[in-house]
Structure formats: C-alpha cells, structure tokens
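Listed next as structure tokens is one chain, alone, in the form predicted alone.
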C-alpha cells in the first residue's frame, strides 16, 4: 500500500514537472509581453518623463490627480462609451441576422459568406484611409452623390456633430462580418437533430430560430457582447487614421488621447497614467458586464 502511494506521488511529481516544462515558454512570454508592460505602465505613471531620456522625476500621484480632473480624458472616455453602446446596438443584431440568413441557406450562400467577410480581411489602416477619402468633403463619394442629386458638399468627418457617428458607421462596417462568422459558428454547434425534431413537430423556420436557436445561442451572444465591449473601449488605429481625434475632441478616444500625450507631446509619464486608467476602466467594465450576463444565465 505504501509502495503504491509512493508511486502515485512520484507520478504526480513527474506530471507536474512535465507540465511546468511545457508551460514555461508560455509563462515567460506572458510575463515579458503582458505582465511586465502593465507593471511598467503603472510605475511610469508616478514619474515625469519624456520617454526618451534616462532621467525620470518622481512626482507621486500628480499625474493621477491630473487625470481625475482632465476634462479631455473624460470627454474621450464618454466618446468610447458612445462607440461601445452604438456598436452593440448595430453590430449584434445585424451579425445575428446575417448569420441566420447564411445558416438557412447552407452551402448555396457560400458566395455571400465570402463577399460579406471581405471588410474584415482589410487592415484597419487601409479601411481608415479608404473611408477618409470616401467621406471627404471635396471629391468624396457622399459629396459626389449629393452633387449629382443637386445638393451641396457633405462634410461628415469635419462636422463635430456627425464625425463620431461616421466613424462608428465605418467601425460597424468592418466588424459586423466578424460577429456574423462568430454567430454562424454558434449555429453550427447546434445539433442538426434539434432542427429536424422541430420541423417534425410542426415548427416553422422562424419559430425554430426565435424559440430554439436563439436561446441556444445565448452563451455565444454573451461572449460576443464582451468582445465588442472590450474592443470598443480600446479602439485606436481606424479612428486615428480617419480623424486624428478631431474635429476638436469630437472623436477623441482614450487610446488616441494616450497616444498623443505619449508620442506627440512626449509626456510619457502622463501617457502611462492614461494607459493605466484605461486598463482599470476596461477591467471594471468587463467584470461588471460579465457579472450581469452571468446573472441572467
């Protein structure tokens, strides 16, 4: 009995050692590229530093106090909230509708799958430049159509009232295909027997979707909402290319505001504080949403 216990203990040690050896490269990578940058960001937030020189001046919580009273940062934060809410309201329903349409058509609609997924294959920088010129006041697609119809030039990106909504529209155009495929994968995980049983019981396609498929897709919808929420709070490249945060601060987001402070005005200490603030806010939002969604499960 003792011999058996000693062999079991030895096997457990061997398994633990083997697991540690295989996990060690991953742990090193996560520490180097995830944990260390987060810690370094919080440390730099307590210094006045231009990001280039070796000299750093410790200023305590001065950067954090500035952040709490920074109207531009909170304006950028509320812009992120607008992006988050409108992205959820637009991307989720359209993504589900497209996925439902493609699931109903099966292989016959493979052409639509390819065409509709094309925006997701383009880089955010390419999409930003594409729509920056398409929405330009002079010579842009919208302005040209307006002129053809006898109207005036349309300035969507240069107008503080419409710029953010134009950017959100482009964001949705690019990312709806991602959620379409995400929900389509959710549909594919539903056993075919469930659909066949529903049809045998006299259910129509719409009844199957609304009463059976969608309830089974709830876990997928939850995951998609969390992904959209986190992504909306850290958008950068597409917005920076299209508007640079302007006009004024109408499209300024937390990430673009952080970039400008860190790499345009070379105030790396305060830029690190903004990045740390983003980390805290995104973590809180994600935790709250996950708790709420879990509570509805």
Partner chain sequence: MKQEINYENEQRKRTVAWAVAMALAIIWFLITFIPFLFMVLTGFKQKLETILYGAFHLPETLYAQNYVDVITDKNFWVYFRNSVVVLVISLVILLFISACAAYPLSRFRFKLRDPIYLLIVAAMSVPIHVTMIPVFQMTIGMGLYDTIWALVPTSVAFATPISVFILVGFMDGIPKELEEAADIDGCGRYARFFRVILPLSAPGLSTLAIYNGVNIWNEFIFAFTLTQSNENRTLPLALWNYQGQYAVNTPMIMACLSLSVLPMIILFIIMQEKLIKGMMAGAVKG
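Nothing here was measured: the structure is a model prediction, and the numbers come from that model. Basically, rigid core = biggest C-alpha set you can superpose within 1.5 Å across the two forms. Numbering follows the first chain given and starts at 1.
Absent from the display: the form predicted together with its partner chain. The rest refers to it.
Only one of 198, 88, 181, 190 comes within 4.5 Å of its partner chain in the predicted bound form through a heavy atom, and that residue is 181. Although its partner chain is omitted here, in the predicted bound form none of 67, 76 and 210 has a heavy atom within 4.5 Å of it. Under a 4.5 angstroms non-hydrogen atom cutoff, its partner chain in the predicted bound form has residue 259 among its neighbouring residues.
Within 4.5 Å of some heavy atom of its partner chain in the predicted bound form lies at least one heavy atom of residue 36. Its partner chain in the predicted bound form is not approached by residue 162, whose heavy atoms all lie more than 4.5 angstroms from it. Although the partner is absent from this view, residue 176 contacts its partner chain in the predicted bound form, with a non-hydrogen atom inside 4.5 angstroms.
Contact with its partner chain, judged by heavy atoms within 4.5 Å in the predicted bound form, is confined among 78 to 86, 112 to 120, 210 to 218, 190 to 198 to 112 to 120. In sequence order, 129, 130, 131, 132, 133, 134, 138, 139, 140, 141, 144, 145, 148 are the residues of 129 to 166 having a heavy atom within 4.5 Å of its partner chain in the predicted bound form; the partner itself is omitted from this view. With the core superposed, residue 68 shows a C-alpha displacement below 2 Å between the shown form and the other one. Once both forms are fitted on their rigid core, the CA atom of residue 35 lies 2 Å or more apart between the shown form and the other one. Here residue 52 counts as shifted, since its C-alpha moves by at least 2 Å between the shown form and the other one after the core is aligned.
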